[in-house]
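Listed next as structure tokens: two forms of one protein chain, kept apart as structure 1 and structure 2.
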Structure 1
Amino acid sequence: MEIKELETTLLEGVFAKAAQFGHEQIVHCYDEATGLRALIAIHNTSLGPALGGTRMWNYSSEQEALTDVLRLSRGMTFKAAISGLNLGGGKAVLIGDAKTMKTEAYLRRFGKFIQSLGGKYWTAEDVNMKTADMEYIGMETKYVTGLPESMGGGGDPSPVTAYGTYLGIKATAKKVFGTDSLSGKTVGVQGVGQVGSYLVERLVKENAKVVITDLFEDKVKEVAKKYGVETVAQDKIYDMDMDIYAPCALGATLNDDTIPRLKCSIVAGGANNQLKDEIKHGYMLVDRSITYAPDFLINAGGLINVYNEYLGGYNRERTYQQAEKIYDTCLNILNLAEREKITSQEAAIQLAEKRMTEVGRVRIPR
């Protein structure tokens, strides 16, 4: 295949993907000197500028990275809308090994790409990105959140993400068990990175029986020792008897292979895009009488945190108060799904799209 034909094929693939997910814009970022290869996806800006974190991952292919950034940015649109935030949905992915490729020059070059979008996209930290990385990016663009508290930012958003996830778990427990107490409940937490480890801390304080797993064995040992929790092999978590399965790592862990193996009443965790196929796997959970807390709702604490930073005059107490609304919203969505005989994911998207339509009509374009 000639270069021109190859370029045409790739472009057609990108446009097809954008049409599938309903995106406004996809930005390709490349810098030979630093090795930067990145994608920025802007899904919808009807409620405000697109805000979403940057994650760095060693994707197996550029197509895998494209699919990930499109799914993640779409989720950010719904996350902002369902949480009552005046933001659109966006996301960025850096393609490569975070341990070897992240340098000041690399991150600052990425910051220049963000600056070139003129505020249509604001970034924050996500998987394999830290507050210090936001500092470097912030040297080249003002459209960055998740900055250190010493710089007037909100710092690491992970504790707020974990808090919202915890409240979502409690709300779902209230719906399923009739009480939101997690004392004595077995919770399998998959992924004990920043969000997962903060969630484990809250669950242990409530006397839940916590079992953890993670791709990185050293992280498992560290968290298990710190909180006195049990561990299980990565693939075995789907087969264990538990009340609640809390996926807090990467997405698509709810799929054709894993759902039939689950022995739980609730799925509620902090990971994005947990359902590999929203419709098919949402209904597979319904058929197995497993109640699913929509991921983009209950993990919205991190977005709420950076939104308050984006507004200026960051206030931690205000941020946590806003995150507390996740509990009631989650219950409302689960009740709506039951009444309408649809999945909780469909109910959440329905409410998000309703706000986008109603508020989008009254907003004055900039």
Structure 2
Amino acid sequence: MEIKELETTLLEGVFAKAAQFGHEQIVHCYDEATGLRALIAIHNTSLGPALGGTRMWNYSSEQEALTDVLRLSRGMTFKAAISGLNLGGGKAVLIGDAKTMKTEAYLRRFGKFIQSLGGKYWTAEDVNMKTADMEYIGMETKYVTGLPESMGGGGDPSPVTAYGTYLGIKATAKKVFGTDSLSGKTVGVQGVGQVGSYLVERLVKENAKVVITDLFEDKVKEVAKKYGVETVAQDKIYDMDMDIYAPCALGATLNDDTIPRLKCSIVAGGANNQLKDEIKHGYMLVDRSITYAPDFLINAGGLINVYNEYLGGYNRERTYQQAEKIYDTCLNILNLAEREKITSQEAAIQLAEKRMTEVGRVRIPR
């Protein structure tokens, strides 16, 4: 590619998108020896350093990686703000095949890039990254969370994420059904990975009627057998009669195709970025009288877990206590949305931005 052409493509891509999403800084990291190609997106640091996981994915293009990191890091800003944490929003993506490229040198080189940002960005696990990878990254930077419990970290955040999601489902049930008991309610859980399977465990304990699906048949069978729940074919989950649809797989499952098919009163699950288009699909749910629990609020348990690690002296009890606040916050947001005649997603962003403005002005940087 000609230099002129390359320059134009890069500038248009990065700055136009930064303006669209409101980012502070986007860092490109490259290392020829290890093949490292990473993007670190710092969305907003008005409440504290940008903390968000690193995702490794074989993106089909740099544009796709850029869009992903920008969307995810913006979500982290709102997630931290609405959860009352003193953190900003950030995220990193590593472009490449996690199975073949993730060597010690590769991870440590990435750690060095994080260190060079001087604490403005803190990392943790995300898709295709494990606590063992955080250990290597942590050899080159102190700005890392998600370390194993044996190293003083908070370990796997998924049980806390599932707990917060469960409380969000209960709060939404309270708003819609007048009771937060899930006994006898049919809940369709899409994706029974880390978060989904812990959520199923809690729902079953409360005598909900759980129906699960996953891309992988063996996973479905394993979870169905363990908890004695029913299963549904992958694409049929949108068409089944249920009280609550709980997306716990990938993002954008609330879209033009799926929303008209949904036969439920509530959508509340652990997946990130569930609404393909925040505004359009938020209002499509309202029009169908389906109450939506904002994803970045009810799946904040994982962030609360790493936040407690970041504060130092990780304490599981304190972490779960903080996650319990999700119930009240969720109810407040649903009430605000009703009063203001806006979507719950808009109400959640409104509250998050209010805290960022008010607290961001008075807080003493740590």
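Residue numbering: structure 1 sequence, from 1. Note that this is a predicted model, so its numbers are computed, not measured. Basically, rigid core = biggest C-alpha set you can superpose within 1.5 Å across the two forms.
- Remark: the form predicted on its own is the source of structure 1; structure 2 originates elsewhere.
- Glu104 is among the residues whose C-alpha shifts by 2 Å or more between structures 1 and 2 once the rigid core is aligned.
- In the core-superposed comparison between structures 1 and 2, the C-alpha atom of Leu94 has shifted by at least 2 angstroms.
- Taking the core as reference, the Cα of Thr34 moves 3.8 angstrom between structures 1 and 2.
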